[in-house]
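In the block that follows, a single chain appears as structure tokens, in the form predicted on its own.
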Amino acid sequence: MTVTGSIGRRLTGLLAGVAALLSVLSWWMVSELAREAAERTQDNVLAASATAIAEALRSEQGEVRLELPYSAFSMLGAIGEDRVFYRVTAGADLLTGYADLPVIPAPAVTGRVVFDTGSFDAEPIRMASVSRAVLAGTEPVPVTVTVAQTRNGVGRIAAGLSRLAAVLSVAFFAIAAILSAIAARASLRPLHEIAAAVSRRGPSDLRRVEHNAPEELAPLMASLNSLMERLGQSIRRSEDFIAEAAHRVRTPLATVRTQADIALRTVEDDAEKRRLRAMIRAVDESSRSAGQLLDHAAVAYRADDLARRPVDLSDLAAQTVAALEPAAAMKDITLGLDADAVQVRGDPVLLENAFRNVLDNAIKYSPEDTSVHIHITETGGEAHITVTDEGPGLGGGPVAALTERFRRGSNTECIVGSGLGLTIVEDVVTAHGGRVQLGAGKEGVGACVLLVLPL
């Protein structure tokens, strides 16, 4: 399986990206609105100042007079410490103010305020201009009032609001990213729950997955249930095939061995007897290999779905010894059992299979008129099952390799075997969380097999 990334991280990243885009968009909008509001405020103040000055115009003795009102300039000081410029012209004559202040085209309607942006004294300025006709003598005189102010205060106000908007946008993005991660996790929770429900099942539990799921997961649930059904059918076919194969193999082999035994008793020629004995040995090896292969398959199947029940090892060992007593008696081998009352939690069928394989090996490889001893004790919170014999030992090769499939010692060529017994033993003990240790017997004679199981 190739892992290409996390859906949760992708979803979080996507939502965080949308939040980042919205944060930038909101910052830009707030900044633009702040700048526009500051400029509009300045325009309103400029218009009010120019109108106040225009309303202060009067006519005395046929001339236009002006006394600049203080309020006109105090209003401009309210939005910052910018420089203020003004100019008042009556017709073509300058009444007061800065003569070189830029001129705004006269408005089409008298009394209407017009605005413009320009530059004065190397600084950008905003100007407001209003015209009014003042009766001087018998003729009305057009008077134009222009008020200007630098834009530093407006820029500072807009920049301050923009910085505040940036801080708020960053805070919004941080909160949105956290909420995105929470939302992604919550959205994927049904998928994790389904995965957890499936992972808790054993390999033999192939029931349909019945779990509440969103509409988007319905195709996955249907495909998973379909796979479960096909897998169950495949396993049932495999089990039927194994059982049928065991029957088909063992029955003819038993028939062949019986006929070979009968033929061995009837022939007189030594060469024929050797051939028949070789055939009987081959049949025994084939029969044992078939049985061990089936046992190994059963162990592998049950180990994946291990039963956990209290098992008294002394009782289990006694039953196994009793079952193998006839095979030991045929070689005059004495089976000795010294067992304390030790209990473990495990699968009694698998543990009995492991015991039987260890004892069967000990009986098979031990010479006649010897003994096999089984000792069961509790040591350090673990159960120790020790089986010692007086056979040829484990050979000269690496001991750890003897638990591999079809591996046998270098000193077992003349004894029928499949090389699967210790493999089955190690699989069973490992499935129970234990370990297998192989070594020489007392004073280097025979073999010693130690099974360690947690209590």
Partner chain sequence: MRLACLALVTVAWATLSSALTIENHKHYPGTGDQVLRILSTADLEVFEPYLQAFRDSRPALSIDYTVVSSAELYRAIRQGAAFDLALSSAMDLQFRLANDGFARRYRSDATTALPQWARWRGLIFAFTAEPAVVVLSTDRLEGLEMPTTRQELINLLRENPDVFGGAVGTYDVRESGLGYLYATQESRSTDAYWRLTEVMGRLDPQLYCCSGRMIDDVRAGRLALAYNVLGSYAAERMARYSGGRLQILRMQDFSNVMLRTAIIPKTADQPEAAGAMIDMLARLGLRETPGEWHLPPLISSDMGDAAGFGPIRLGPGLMVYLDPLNRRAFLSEWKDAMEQP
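Positions refer to the first chain, counted from 1. Because the structure is predicted, anything quoted here is derived from the model rather than measured.
Heads up, the form predicted in complex with its partner chain isn't pictured, but that's what we're talking about next.
With its partner chain left out of view, the stretch that reaches within 4.5 Å of it through heavy atoms in the predicted complex is, among 377-385, 349-357, 146-154, 335-343, 146-154. For the options 238, 225, 74, 255, the one in contact with its partner chain in the predicted complex, meaning a heavy atom within 4.5 Å, is 74. Just one of 192, 83, 112, 185 comes within 4.5 Å of its partner chain in the predicted complex, counting any heavy atom, and that one is 83. When its partner chain is considered in the predicted complex, residue 67 lines it closely, a heavy atom lying within 4.5 Å. Residue 259 falls outside the set of residues with a heavy atom inside 4.5 Å of its partner chain in the predicted complex.
Remark: residue 229 does not count among the residues lining its partner chain in the predicted complex, judged by a heavy atom distance of 4.5 Å or less. Although the partner is absent here, residue 312 sits far enough away that none of its heavy atoms falls within 4.5 Å of its partner chain in the predicted complex. Of the residues in 85-101, those that come within 4.5 Å of its partner chain in the predicted complex through at least one heavy atom are, in sequence order, 85, 86, 95, 96, 97, 98.
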